[in-house]
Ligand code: PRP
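Next up: just one chain, as structure tokens, the form predicted alone.
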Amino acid sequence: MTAGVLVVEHPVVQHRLAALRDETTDPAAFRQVVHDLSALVAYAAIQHLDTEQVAVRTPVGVATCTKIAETVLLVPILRAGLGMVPAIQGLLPYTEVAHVGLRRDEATLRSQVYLDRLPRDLTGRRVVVCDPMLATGGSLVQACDLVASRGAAHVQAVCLIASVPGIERFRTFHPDVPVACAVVDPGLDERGFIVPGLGDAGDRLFGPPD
């Protein structure tokens, strides 16, 4: 696998991945599986956090404990990325959320930014970009372009399913941004969907657009 790509192959992850792919998984169950997988992949990926040592009184003494000492900015790529946020917020004690909206042209498969709620200055910040599907790589590249342009110090991409072409494209533009996912699929269809993938993650989370 390409350097900088973490594939979480734990059996618990792979079991949930089967439900995520299954076309018979109903929307409520699909949302729960996205939640579970997001927490598991993020847990494996987000390890190098700023910490501090604190004294904690137990019923029988005092223990020196480690606590997280930084606030992580979560950047979900709309709309499918929204399904990942609650799980990662439940994992990390201190988070903020800034949305980025990207709309893909179905003819050219290129994405355009329609919403940018990132802080103007991200100097020194740790940012986790959330996108369930790393398909063509275009959306993730653009979101990380925006984050990098604001001066973020540490950027991590957390996905659920990636494709070989998508990873290759993303690594070309952002070789220093690590990517974590549950699986890497071999290719894309003519619509730019991951094969075998899971279909349209946004539609399966929230229903098809009008």
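Fair warning: this is a prediction, and the values are worked out from it, not measured in the lab. Residue indices: 1-based, along the sequence shown.
A second form of this protein, the form predicted in complex with the named molecule, is not displayed here; the remarks below concern that form.
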Testing 138 to 146, 170 to 178, 66 to 74, 26 to 34 against the named molecule in the predicted complex with a 4.5 Å heavy atom criterion leaves exactly one stretch, namely 138 to 146
Residue 200: heavy atom within 4.5 Å of the named molecule in the predicted complex? yes
Is residue 99 a contact residue for the named molecule in the predicted complex, using a 4.5 Å heavy atom cut-off? no
### Residue contact check: residue 134 to the named molecule in the predicted complex, 4.5 Å heavy atom
yes
Exercise. For residue 80, is any heavy atom within 4.5 Å of the named molecule in the predicted complex, or not?
Worked result: yes
